[in-house]
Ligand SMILES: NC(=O)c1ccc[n+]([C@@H]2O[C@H](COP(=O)([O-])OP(=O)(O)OC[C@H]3O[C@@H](n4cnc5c(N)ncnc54)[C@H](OP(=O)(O)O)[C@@H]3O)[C@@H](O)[C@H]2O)c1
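Below sits a lone chain in structure tokens, taken as the form predicted on its own.
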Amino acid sequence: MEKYALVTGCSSGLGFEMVNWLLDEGYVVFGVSRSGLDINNGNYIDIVCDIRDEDEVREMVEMVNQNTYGLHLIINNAGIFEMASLKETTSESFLDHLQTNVQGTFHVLRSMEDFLIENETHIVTISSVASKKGFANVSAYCASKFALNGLIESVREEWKRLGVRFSTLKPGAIDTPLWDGVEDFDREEMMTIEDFMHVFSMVVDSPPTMQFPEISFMHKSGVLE
């Protein structure tokens, strides 16, 4: 029996790695991103979609509907991250964090309700330790991730009757291209993508009776500050 997964924010970094791991595991994968992703694999279905835009999300739903009746795995990964002091954070940047990291996930979850498979669908959300602890110079990011937690916790309660699993990963800093333009941080004290994938694969491969409402993990040196 084929298993179907949908991954948002898949054009680079963690999303790209998760898509390729899922393909290796035999999933049919819908990859959702604003820029698209060219993967030569018959089980990969690329969907160009800005999840902030409801019309584009509706088009995404149509494409999913043309290929499957249900999703076994939904991975909320799309997000943005910018560093700036509170004074230097523009209203536009603050709003963009909320629209991408929170409202975009809201659009995806609301649109995917008809694709839930009772007692099977697993919803994995990639959050951050910044959803639990505030850090200097990332007020917009922290606010969006705190809000994302509330959204996921509410939907978890709403869909509990369906036996849907919810796992939320809250990693510390990971050495990805996200940090390429950021100075003054020792990337040797960040986790590698392989470190992240170790936890991700464990969560996805866990028994169907298990979920991880909150799983925090970081480099052995602790939280990056």
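In this text, all values refer to a predicted model and were calculated from it rather than measured experimentally. Note that residue numbering begins at 1 and tracks the sequence as displayed.
There is another form of the same protein, the form predicted together with the named molecule; it is not shown, and what comes next is about it.
Distance check, residue 80 to the named molecule in the model of the complex, heavy atom within 4.5 Å: Contact with the named molecule, yes.
Non-hydrogen atom contact residue 145 with the named molecule in the model of the complex at 4.5 angstroms: It does: once the named molecule is placed as it appears in the model of the complex, residue 145 has a heavy atom within 4.5 Å of it.
Contact test in the model of the complex: residue 29 vs the named molecule, heavy atoms, 4.5 Å: Residue 29: no contact with the named molecule in the model of the complex.
is_contact(residue 206, the named molecule) in the model of the complex, heavy atom dist at most 4.5 Å: Residue 206: no contact with the named molecule in the model of the complex.
Proximity to the named molecule in the model of the complex (heavy atom, within 4.5 Å), stretch among 38 to 46, 152 to 160, 62 to 70, 168 to 176: Looking at the partner contacts, the answer comes out as 168 to 176.
Of 12, 201, 216, 211, the one that lies within 4.5 Å of the named molecule in the model of the complex (heavy atoms): If I apply the 4.5 Å criterion carefully, the residue I get is 12.
Residues from 112 to 127 in contact with the named molecule (non-hydrogen atom within 4.5 Å) in the model of the complex: Contacts from 112 to 127: 126, 127.
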